[in-house]
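What follows is a pair of forms of the same protein chain, given separately as structure tokens and numbered structure 1 and structure 2.
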Structure 1
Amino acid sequence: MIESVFDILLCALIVGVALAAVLGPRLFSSVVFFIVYGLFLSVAWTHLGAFDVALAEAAIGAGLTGVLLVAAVSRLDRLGVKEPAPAPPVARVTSALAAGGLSGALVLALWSLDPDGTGLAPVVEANLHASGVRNPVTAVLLNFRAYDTLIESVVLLVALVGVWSIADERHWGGEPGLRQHARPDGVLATFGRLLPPLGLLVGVYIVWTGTDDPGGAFQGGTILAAVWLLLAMAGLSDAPAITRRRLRLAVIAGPGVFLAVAAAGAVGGGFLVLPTEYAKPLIQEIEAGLALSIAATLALLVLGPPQRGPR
């Protein structure tokens, strides 16, 4: 009983914060509500027992997306962009009816599901021993459905190419984002010195522990990206020019290692087949490469297209 009171309170909070994020009158407060929304969702995932998703939601959904949106609001402010006029009442009413109808249809669909359906959990459980890892989510991500993850790592790369290609022609080959300055004794600069060692430790630990416990390349890589962003935003370490070879290597390391392992599998049993006895070291190798690439790519995506240089 107490359990479901907590569930309902948390869900009410999530819905309330989502409404504030979508309907809020001021853009900046909408963004802040969106970040709070991500943190509440992370609590929800923890409560559901989906710890891997909770970590990813907190780091990616609330954290990096939040940084991206806050930065976008301040850029729009500086450009002097005004809010467009609100939609006419007729459009608001019809849109509310359409959206409500969609939610209703989804609830009906949920109701029509087989209540005793077991999903794919038993299949994963039965084959977990062959995956080389003990965390079933990592087994799905990097073994059973490794295709998804391989293609996703390429999607990240394509998004980065897309962001870079928006650069002004003058700045192609320059440094991403604007040069950041922070007061040397300010909060940002102080945290910029205090947090990175801790962030590095936590990030690498979460990548490493992902084979057996919640964590992995995505969650850990995102924390490493946050460390780099913090250093860049505190003005302690400027982002490198996008033409730097080391940067390019870091960005393609993950998909590269992944493809190499996948191709090596083709010699044994088939593309992306990991032999059980080598599965764990191979997965750790892929995760190490992916964590590096995810950290670099996500940080570069948040920093945006080159806007300075090249010198």
Structure 2
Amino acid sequence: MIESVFDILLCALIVGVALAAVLGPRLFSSVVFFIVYGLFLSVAWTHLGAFDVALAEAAIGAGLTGVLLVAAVSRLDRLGVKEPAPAPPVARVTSALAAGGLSGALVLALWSLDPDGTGLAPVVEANLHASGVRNPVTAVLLNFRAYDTLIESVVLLVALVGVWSIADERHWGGEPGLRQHARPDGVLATFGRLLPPLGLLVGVYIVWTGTDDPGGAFQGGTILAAVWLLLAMAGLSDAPAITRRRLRLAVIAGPGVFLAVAAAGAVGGGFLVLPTEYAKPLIQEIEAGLALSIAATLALLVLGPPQRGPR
């Protein structure tokens, strides 16, 4: 009974916050409700036992995406761009009908599923021993359907190149973002000194434990990106110029290692085919490279295009 009440309340909160994010009168309030929406989704995924998805939603969906949206609103404010006027009633009604139709189609699709069906879980469990890891999510993402994850890592790289491409010509090759200043005795500077060691430890652990327990490169890489951003916001570390060789190597490390392993598999039997006896160390190498690239790429996406010329 108590669990049913909790489920109903949680669903009501998710729907309510989603409506507030969509119907909010101001951009900033909509962004805040979007972040809260992501946090409620993380609670829902945790309640369903999908801990990997919950970690990803909290770190990337609510955390990083929320920061990107806040940065975008702040940039619009600095540029003096006024908020757009509300959409006309016809556009709102059309959007509502489209969203309602999509929601109805999803409900019908779920309703048509076999209530006793187990999906692909038994197939994954039956072949888990051949994946080299004990976490079924990692087995799917980095072994059984690794090409999806490979494409995602390349998409992140392309997104970063797109952000850099909008830089002013006089700033090209310089440092991304604006230089941050914080009071040496302020709260932000204090957090900048205390939290990064803990964040670094947690991020590395999340990456390492992803082969056997909930975690992985995307979740751990997001935490490591947050550590770098906190140092930058506290004025304790400045972003390097985008022409720095080490920075570019960090950005391409994940896709590079992934493609190298894929090519080696093609020679030995098939593209992205991992030999069972070497699967775990190969997956750990891919995860380490991806975590480094994800951390660097996400932090650079938040910092934005170069806004200071090279020194």
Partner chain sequence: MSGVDTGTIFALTGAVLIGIGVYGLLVRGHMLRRLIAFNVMSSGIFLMFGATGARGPAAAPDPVPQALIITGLVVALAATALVVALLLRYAQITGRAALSEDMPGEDDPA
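Here, a residue number simply tells you its place in the sequence of structure 1, counted from 1. Nothing here was measured: the structure is a model prediction, and the numbers come from that model. Think of the rigid core as the biggest set of C-alphas that the two forms share within 1.5 Å after superposition.
Which of the two structures shown, 1 or 2, corresponds to the form predicted on its own? Comparing the pair, one sees that structure 2 is the form predicted on its own and the remaining one is not.
With a threshold of 2 Å on the C-alpha, tell me if R92 counts as moved between the two structures once the core is superposed. Comparing forms between the two structures, the R92 CA shifts at least 2 Å.
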